[in-house]
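Let's start with one chain on its own, the form predicted on its own, as structure tokens.
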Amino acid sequence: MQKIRLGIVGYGNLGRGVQYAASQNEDMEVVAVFTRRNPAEVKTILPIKVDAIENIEKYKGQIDVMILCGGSATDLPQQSVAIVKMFNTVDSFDTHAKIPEYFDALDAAAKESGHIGAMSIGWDPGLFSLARLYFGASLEQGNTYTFWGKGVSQGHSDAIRRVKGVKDARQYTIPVESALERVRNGENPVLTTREKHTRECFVVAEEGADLERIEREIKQMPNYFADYDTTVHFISEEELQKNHSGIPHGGFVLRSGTSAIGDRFLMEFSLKLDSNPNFTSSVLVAFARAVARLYAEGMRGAVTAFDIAPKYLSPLSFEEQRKQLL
């Protein structure tokens, strides 16, 4: 069996998770990890070559799919369009409001270079996106609701860490239980962003940093916190490590509606995750398999979870899928 050769760009929580996930798939192998840090200082969880990101072009022809594990705030918008010019890519860009412009830039670069760029892959966007599409198409008359948490958002935590004066941070997304119950009760409420979730931030500030400015910048951050009731707690580094070192998450996609004659229906898809990055990385690896297969079939350009048929994700052959899963 010819294995799909992967590269990992960035070696934080998500990058480590990708290496773990790839090790569980017999048709995958990780060729190298690429980092902006000193490669000699990067300790991998499994033995693998670590190289500087500046050397990535030297691996053309040696890697089938690059999995990009940077943050959505600043890393991926630059890295994706640059790296897709050399390799097929998969990323987990999750700034929902900027997905259209991100897609257009990635699509242009991928088509120009003759590669595939699979973007916004994970559980939301990703699996939850598929649930919203399937649910909405199956139940025309109704409303779709997405609730996240309670859990740590990697993208939002990363965005806080980019604020000047912040040393480390964790951000919890918390669903408003009363709103969730109204949906499950079939009320079909119209809910604002603020009515569905709250956000709670635990921040370790650098010594001497302006705490009022940091809190203000967090609460006013567009696409992340401005539309939510947000609470900011300043804590010590020791307290962060003691009480907030885990990265759990999860959530729900629900669609509530009726048939033409008034039958009531409720559709629900939920996830409960001990580790947000380790689960996201498993989804990225599955879509890397799909990208390798679709590239061999001639597909080019940017794609999302909507563009990839489910059969390309599984290690099972198409025949086995029909026999075992259909």
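Just so it is clear, the model here is predicted, and its values are computed rather than measured. From 1 onward, residues are counted along the sequence shown.
Although it is not shown, the form predicted together with another copy of the chain is what the next lines describe.
- Heavy atoms within 4.5 Å of another copy of the chain in the model of the complex are found in one stretch of 251-259, 215-223, 82-90, 193-201, which is 251-259.
- For a residue to qualify, one of its non-hydrogen atoms must sit within 4.5 Å of another copy of the chain in the model of the complex; none of 53, 57 and 296 qualifies.
- Another copy of the chain is not shown here, but in the model of the complex it comes within 4.5 Å of a heavy atom of residue 264.
- Remark: residue 275 counts among the residues lining another copy of the chain in the model of the complex, judged by a heavy atom distance of 4.5 Å or less.
- The shortest heavy atom separation between residue 134 and another copy of the chain in the model of the complex is within 4.5 Å.
- Residue contact with another copy of the chain in the model of the complex: residue 103 places a heavy atom within 4.5 Å of it.
- Interface residue among 125, 175, 77, 151 relative to another copy of the chain in the model of the complex, by the heavy atom within 4.5 Å criterion: 125.
- Taking another copy of the chain as it sits in the model of the complex, the stretch 293-326 comes within 4.5 angstroms of it through a non-hydrogen atom at 304, 305, 306, 307, 308, 309, 310, 311, 313, 314, 315, 321, 322, 323, 325, 326.
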